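Just one chain follows, in the form predicted alone, and it is written as structure tokens.
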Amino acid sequence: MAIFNLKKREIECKIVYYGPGRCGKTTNLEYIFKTYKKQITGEMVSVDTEGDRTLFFDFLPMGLGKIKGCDVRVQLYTVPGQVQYTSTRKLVLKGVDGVVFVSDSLEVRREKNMISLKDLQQNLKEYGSSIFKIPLVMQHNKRDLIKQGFPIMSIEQMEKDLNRQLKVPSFPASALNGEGVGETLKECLKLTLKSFKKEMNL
């Protein structure tokens, strides 16, 4: 739920990058942090968990416009993907305004993608939210691995597995070289702002 900071004339919104372990959530945030340096306020905070990390930082995107005369400040978070960190994932999702679901294109991660999406659905449900109603964008990551000879799934297969019912915007990406990273974030911000305006009857 967006937070109004009347003193600073800002609306704070929270976007969470969700997905299975090692699918590229951290790489997405690191790329955004590096590329949009001028629009970032403060440092990237990293909380290390064994084999995975929770990252977050504040981001003041330019060109988003104002809502009711307030700037929009975005907080970007990642969650640890490994199954054992379910309580951390749930905690990070608290008060979320928009979600980027990062799926892993490697064939061997097919099941992990589906388990992670179910996990997201369940956690949102426990907060009284719905995966069908929250601003959600999908990113099919690691598309570059095909050039290195890794067996990766087709976009059609991934859409069928993960997006058949949801029908949300989705982007092929390679977070390592930044392909699709900005587009994914922009789309998620666009949907999140649209949802704010709807809530506020603007």
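One-based numbering along the sequence shown. Note that the structure is a prediction, hence the values are computed from the model and not measured.
There is another form of the same protein, the form predicted together with a small molecule; it is not shown, and what comes next is about it.
Taken together, 95, 98 and 192 are entirely out of contact with the small molecule in the model of the complex: none brings a heavy atom within 4.5 Å. Interface membership of residue 79, defined by any non-hydrogen atom within 4.5 Å of the small molecule in the model of the complex, is confirmed.
When the small molecule is considered in the model of the complex, residue 170 lies well away from it, no heavy atom lying within 4.5 Å. Taking non-hydrogen atoms only, residue 175 approaches the small molecule to within 4.5 angstroms in the model of the complex. The small molecule is not drawn, but in the model of the complex it has a heavy atom within 4.5 Å of residue 145. For the small molecule in the model of the complex, the listed stretch (110-118, 80-88, 67-75, 127-135) containing residues with heavy atoms inside 4.5 Å is 80-88.
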